[in-house]
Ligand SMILES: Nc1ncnc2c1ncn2[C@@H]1O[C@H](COP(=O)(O)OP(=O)(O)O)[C@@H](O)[C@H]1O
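Next up: just one chain, as structure tokens, the form predicted on its own.
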């Protein structure tokens, strides 16, 4: 089953109404798959994630999440579907400053109307996987950038979403902390079986995925994708040069 299916997706620049930010984009993310989308800054990666989550409406094409056409749903139904199926990780963390790490993790559960105490084991497992056990009672101002991003990933997992969308998750981190964050994404993928769609402009980060797609000039051609056991940063660099990105 494809958790996410994107078909012929396009969106126009809202300021001009004529220029295309994205045009004829199509791809899928399957159960347990880790897909990265590589593209330069300004290529429409964040817009694409917003479309995939139903946070923006396309000018053309369709997005199916868990087999449901997002454009055909009412706003409330789309919101409820998103809460159930998607966790988000952002470049700038977006942790609530007055809550502790643990309380930030509990928030998605509360939004779903669930009692966090019922999920005590799950929360502890996530804290352990993200190496946050000793930081659970700290507020974000007492964390480093890397620790805040780990807390952000943990929060995204708290509601057990089958799919995590990550928008440039290392873009606000030093190189070492960024590499550690990507290693933890791989661990999350292995340990919980979570599907991940991650967008980045960093070839090193892109190479952590099972499959790398390339977005440029508003288009994404699956024929240019990279995957397989030899996938590494060098092969991503080589494909970028080949495509002239």
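The structure presented is a predicted model; accordingly, all values stated were derived computationally and were not measured. Residue numbers count along the first chain shown, from 1.
In what follows, reference is made to the form predicted in complex with the ligand, a form of this protein that is not presented.
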| item | value |
| --- | --- |
| Option from 28 to 36, 41 to 49, 203 to 211, 66 to 74 whose residues, in the model of the complex, bring a heavy atom within 4.5 Å of the ligand | 41 to 49 |
| 4.5 angstroms heavy atom contact with the ligand in the model of the complex for residue 14 | yes |
| Heavy atom of residue 226 within 4.5 Å of the ligand in the model of the complex | no |
| Touches the ligand in the model of the complex: residue 21 (any heavy atom, 4.5 Å) | yes |
